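This document opens with one chain alone, in structure tokens, the form predicted alone.
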Amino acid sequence: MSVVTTLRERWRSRSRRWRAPRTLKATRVGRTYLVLTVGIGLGALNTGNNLLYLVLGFLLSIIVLSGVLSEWAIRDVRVRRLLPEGVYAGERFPLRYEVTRTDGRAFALKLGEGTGAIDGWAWVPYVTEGQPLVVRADATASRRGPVRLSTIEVSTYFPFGLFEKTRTLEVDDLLIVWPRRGFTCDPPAADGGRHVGDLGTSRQRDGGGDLLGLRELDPGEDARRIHWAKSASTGRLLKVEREREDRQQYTLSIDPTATLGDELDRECEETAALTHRLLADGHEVGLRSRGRAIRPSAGPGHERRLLTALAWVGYDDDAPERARP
């Protein structure tokens, strides 16, 4: 583990110790309410009117009641994330939370991430004890790479909407953000390798693959492809046409030490777009980066593996072994 990673972890642990367990913020209605309360309090002090003191006591009791009920709403809430395998940078994705209540009921909760890397929040209208509730947030990740999620903020405006009380939960997770889509590029030169197997191929005729159909034999064509049983039944020489495999192997390479920052992200986006195009055409694609290599293969699962590897480019020193491609 690098020195930068060690210092980063120490700063995270210290910031967690210094973080307040609850935060309180007045809403627009709440600020108006506070100004009105202060005004009535000043009027009661200046005039000594008992009715004003009664109104002031009522307004102050509403503030106290709001604090007690909002604390009751967020106190016994437990939340965990249900993360997807990976998401694309700059695109909305479903971020799901499982909310449980250990005691009682809760109303009007708002869930969001404590880190600024993820934008989005989920609304929980009602949750009761012993009945987990799954809610969805339409979130967005701004940049490529592994995003460490450490805190979830549980907020509520309950019961009167005067204040927003927030409780911060310590929940550690790792979200893989794939490179941004939309990059256009030209295909590179192939490795010259050939595929052995049955995965997707471009459907071209006169090969040795799957059967495409039968057609009449033209003069000068190879008689070894004649289907004799069908030819005898029809009285014409019919030739068997089979699919020809035109799959090639490509190994893409990217050097995280050559470029940094936005340029590296741009290069990863180009590589990801090229990977998707080659795989869609039926070719096999591999990746080589900083001493690590992924052998050429095909299929949606392999594409996700390559995208995950591209997400880790430039962040390899922070990668746990289980998360590395």
Partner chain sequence: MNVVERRRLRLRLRDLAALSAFTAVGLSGSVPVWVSVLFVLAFAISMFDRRPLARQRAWAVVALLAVAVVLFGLAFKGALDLVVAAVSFAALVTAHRLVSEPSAATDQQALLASLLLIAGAAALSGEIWFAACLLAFGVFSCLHLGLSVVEGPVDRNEDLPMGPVFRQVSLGVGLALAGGVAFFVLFPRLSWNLASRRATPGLLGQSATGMSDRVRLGGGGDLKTRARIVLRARLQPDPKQDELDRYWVGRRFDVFDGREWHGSGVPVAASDFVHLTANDRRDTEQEIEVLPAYGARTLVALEHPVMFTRARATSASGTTATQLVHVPGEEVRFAAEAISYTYVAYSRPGTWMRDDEGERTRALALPTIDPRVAALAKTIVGTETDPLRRAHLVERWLKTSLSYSLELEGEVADPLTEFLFVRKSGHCEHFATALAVLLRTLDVPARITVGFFGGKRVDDRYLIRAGDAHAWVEAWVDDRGWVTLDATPESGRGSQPVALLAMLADLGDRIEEAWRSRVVDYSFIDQVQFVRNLVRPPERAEREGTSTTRAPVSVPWRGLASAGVGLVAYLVVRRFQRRERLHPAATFLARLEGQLAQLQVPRREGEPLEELTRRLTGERHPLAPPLEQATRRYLEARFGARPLPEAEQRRLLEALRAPAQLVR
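The model shown is predicted, which means the values in this text are computed figures rather than measured ones. Numbering follows the first chain given and starts at 1.
Keep in mind the form predicted together with its partner chain is missing from the figure; the text below concerns it.
Identify, from the list A293, A273, A26, L36, the residue with a heavy atom within 4.5 Å of its partner chain in the model of the complex. So the residue touching its partner chain in the model of the complex, by this definition, is L36.
Considering A108, V171, I226, A117, which brings a non-hydrogen atom within 4.5 Å of its partner chain in the model of the complex? The option sitting close enough to the partner is A108.
Based on heavy atom distances of 4.5 Å or less, which listed stretch (174-182, 142-150, 248-256, 97-105) is in contact with its partner chain in the model of the complex? Contact criterion met by 97-105 only.
Taking the shortest heavy atom distance, is G57 within 4.5 Å of its partner chain in the model of the complex? So G57 counts as contacting its partner chain.
Heavy atom of G48 within 4.5 Å of its partner chain in the model of the complex: Contact check for G48: yes, within 4.5 Å of its partner chain in the model of the complex.
Counting only non-hydrogen atoms and a 4.5 angstroms cut-off, does P159 reach its partner chain in the model of the complex? Because a heavy atom of P159 falls inside 4.5 Å of its partner chain in the model of the complex, the answer is yes.
Although its partner chain is absent from this view, report whether I40 comes within 4.5 Å of it in the model of the complex, heavy atoms only. Judged by the heavy-atom cut-off of 4.5 Å, I40 is in contact with its partner chain in the model of the complex.
If we check its partner chain in the model of the complex, which of the residues in 57-77 reach within 4.5 angstroms of it by a non-hydrogen atom? Read in sequence order, the residues that approach its partner chain (within 4.5 Å, in the model of the complex) are G57, F58, L59, L60, S61, I62, L65, L69, W72, R75.
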